[in-house]
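Just one chain is shown here, as structure tokens, and it is the form predicted alone.
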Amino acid sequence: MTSSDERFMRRALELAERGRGLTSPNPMVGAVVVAPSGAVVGEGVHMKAGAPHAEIEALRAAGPRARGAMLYLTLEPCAHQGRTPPCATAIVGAGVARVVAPLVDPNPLVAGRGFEVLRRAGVEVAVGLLAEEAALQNRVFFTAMRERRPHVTLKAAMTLDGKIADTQGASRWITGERARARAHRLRSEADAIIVGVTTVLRDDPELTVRLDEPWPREPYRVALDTEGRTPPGARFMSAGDPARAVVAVGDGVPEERVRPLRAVGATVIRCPTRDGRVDLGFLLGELFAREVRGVLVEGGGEVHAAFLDAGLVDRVAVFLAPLLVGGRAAPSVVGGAGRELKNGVRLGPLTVTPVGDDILVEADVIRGPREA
């Protein structure tokens, strides 16, 4: 690989970023077509499932100049008929001579088949450039394809002493306006937002994406409600498409409790229970079947603990406010029975970002045994 290869691949990754929050259930992908002279003759971005893929947009922009050119692509091209025709055959048909990509697509429908189509047609294929950066950019998609469940981000806002509300239960507002706007950006990147029924009953949230401009995608609004206590008049029911308001109840809840929810158009998912709670793994499987690839869990503390105890958290995003409220009874960011220090959930690497007067701390959950 050359320095120019890296430069063009970084441009492709930069283009892919424009699709953040818009492409699910597809990954973000960017593409750059470079003529033998070294001139960029076409660029493309995938912006929406069902819309042309990045390589198709780039090839269209390049036109006949794609013949004999190099194509820099942030993920293996598809080789199957989905919402759009296969891209690998289009690349061959355009006469591209060389394809550079960081990674194999983990989607079982692709998984190396796209590169195979290219190589069989005599196209040179180079794989591995900036693989780590490309994998991080599409971490949600990669987790979903690998685990066959959505990627889970635990999001919370807390005081510097770890409280998500005061002793009276008040939590508005722990963080400032800029942090709340950033939190809505996180929502915009998710396919579903999950809270517990206690949050629904106490705060009556809408669970919508509220940004400066209207957001074109509407995440599912999900309440964990083992006993079926969600009132049909809860605001998250009417905050958007009623069918995208989901109430996950235990499979033993009487039908008369959920009938009013269905009557207002909500989606009710009956789940088996585990330890007296909705089985979170089952629910995530149901959401995955609805093309949910990334979820944002917004708590509170007991819900956070349940996801962590089930080993279902992949990433955390915690806003820290410069406040101390104290109080033994004030809820903390993670409830539950707690863990011994040696068994704590390990995080890293940390990214710390000032957001107004607050701080956003983000990190992936580290899997596997503690290293010596």
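Residue numbers run from 1 along the displayed sequence. The shown structure was predicted, so the numbers you read here are calculated from the model rather than taken from an experiment.
What follows is about the form predicted in complex with a small molecule, which we do not show.
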Exercise for the section: Spot the stretch among 124-132, 84-92, 144-152, 278-286 with residues whose non-hydrogen atoms come within 4.5 Å of the small molecule in the model of the complex. Expected result: 278-286
Handout entry: L224: touches the small molecule in the model of the complex, heavy atom cutoff 4.5 angstroms
Key = yes
Practice task
Evaluate P219 for contact with the small molecule in the model of the complex, applying a 4.5 angstroms cut-off between non-hydrogen atoms, and reply yes or no.
Solution key: no
Practice task
Indicate whether V292 is a 4.5 Å heavy atom neighbour of the small molecule in the model of the complex.
Solution key: no
Problem - G44, heavy atom within 4.5 angstroms of the small molecule in the model of the complex - result: no
Problem - Residue (of A183, V100, A157, L261) lying close to the small molecule in the model of the complex, criterion heavy atoms within 4.5 Å - result: A157
Problem - Heavy atom within 4.5 Å of the small molecule in the model of the complex - the one residue of V197, A179, C78, V209 that qualifies - result: V197
Exercise for the section: State yes only if every one of I164, G169 and E298 has a non-hydrogen atom within 4.5 Å of the small molecule in the model of the complex; otherwise state no. Expected result: yes
